[in-house]
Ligand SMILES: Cc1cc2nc3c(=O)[nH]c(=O)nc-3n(C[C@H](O)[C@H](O)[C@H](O)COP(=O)(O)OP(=O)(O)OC[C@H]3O[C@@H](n4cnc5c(N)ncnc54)[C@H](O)[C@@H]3O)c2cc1C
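Just one chain is shown here, as structure tokens, and it is the form predicted alone.
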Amino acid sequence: MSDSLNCDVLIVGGGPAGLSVASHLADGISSIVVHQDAEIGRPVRTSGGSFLRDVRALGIPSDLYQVIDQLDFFADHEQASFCIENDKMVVLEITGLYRYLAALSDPLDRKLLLGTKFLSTQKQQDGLYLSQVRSRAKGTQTVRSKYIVDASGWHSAVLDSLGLGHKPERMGVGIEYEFPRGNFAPNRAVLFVGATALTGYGWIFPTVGNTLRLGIGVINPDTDLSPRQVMNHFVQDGHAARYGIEIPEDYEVNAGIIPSVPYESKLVYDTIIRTGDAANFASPTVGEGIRMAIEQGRHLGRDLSAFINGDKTAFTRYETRAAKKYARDYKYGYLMNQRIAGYTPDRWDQAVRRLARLSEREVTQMLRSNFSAGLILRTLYLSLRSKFFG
């Protein structure tokens, strides 16, 4: 079965980036959002870490996040603890957040195609794109659009279809078990490194729904291990007890993938524009990017609207704004990511020892991948001090 749909903007991907583009298109601009999952926000594909001041600035309702002000880092034989007072973190309730973002564009001329896979696209002589999508309910359909937003995450499905880009060769791959929080403090988060999560890191995040998210991520192909293999070892070897948690027999499994490659400033290919993970909008140190996806998705919605309405500088503005905000910090963050991916457990012990000497502000800057000159010099000093004096 085949039929045809028409819109101004086809958005491939119903995550935070694609949904934010749709919600910030101007009145009178029609969009279709193609989302491969049957529901918005399900299954969960991200741990949901972010920062309080950012989600407040984005207008995210407070019932969609858990505030974190206690952060503990663990290596095999070292620990560093921080009471976060100024730049508090949050754990987002992913399903509720994505549905909130989707609802923002409900009043607009937007159609959601759920359980629908993007297959391919071709540009026609008249400048329009004919894209093929497929769902169980409708079979194969053709979507005719003037613009396409690639918000398909690491798949980069649109760029890949047109030969303009490709799937990343290096990726952070994570798995997460979610279960009742028990006695674990609702304001505390744990990050652990070392033998239990080589090439990556692990996390324990409490949620607003009184659950815990225990996750482990690794970098492929820096390691041949899958996160499930690493998680199995973590559980079987009884490491959970060290952090004050007990893993029940029944738990929900979440999984996700994020690009871990250098930042690329080119975001616009004629009338194809990428955003979110497809544009590498995530902090390279810890792979946290929801706030960036929402913010840049909203910028793209406004800039794309301006372009459609005659402002031919709007796409340049979108690329320039993103590069100014991310390119420099991403350069240093990616170098750090590459370096620590090769750390041995002993090196991680040294790193957490150095981390304990940082201030609260320096730690949150590092997690944000905000690499000021002062933070770079301070980190270098502590590295040299550790090397020569222990």
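Quick caveat, the model's predicted, so the values are computed rather than measured. Residues carry their position along the shown sequence, with the first being 1.
One more form of this protein exists, namely the form predicted together with the ligand; it is left out here, but the text below deals with it.
Residue-level contacts in the predicted bound form: of Ile290, Leu214, Ile273, Ala197, one residue has a heavy atom within 4.5 Å of the ligand, and it is Ile290. When the ligand is considered in the predicted bound form, only one residue from Asp54, Asp346, Asp37, Asp69 comes within 4.5 Å through any heavy atom, namely Asp37. Against the ligand in the predicted bound form, the set Ala17, Ala157 and Trp203 is in full contact: each member has a heavy atom within 4.5 Å. For the chain shown alone, Gly174 is a contact residue for the ligand in the predicted bound form, at least one non-hydrogen atom being within 4.5 angstroms.
Among heavy atoms of Arg354, none comes within 4.5 Å of the ligand in the predicted bound form.
Contact between Leu304 and the ligand in the predicted bound form is not found at the 4.5 Å heavy atom cutoff. In the predicted bound form, the ligand stays beyond 4.5 Å of every heavy atom belonging to Asn337. With the ligand left out of view, the stretch that reaches within 4.5 Å of it through heavy atoms in the predicted bound form is, among 138-146, 109-117, 316-324, 76-84, 109-117. If you take 25-50 and check each residue for a heavy atom within 4.5 Å of the ligand in the predicted bound form, you get Val34, His35, Gln36, Asp37, Arg45, Thr46, Ser47, Gly48, Gly49, in sequence order.
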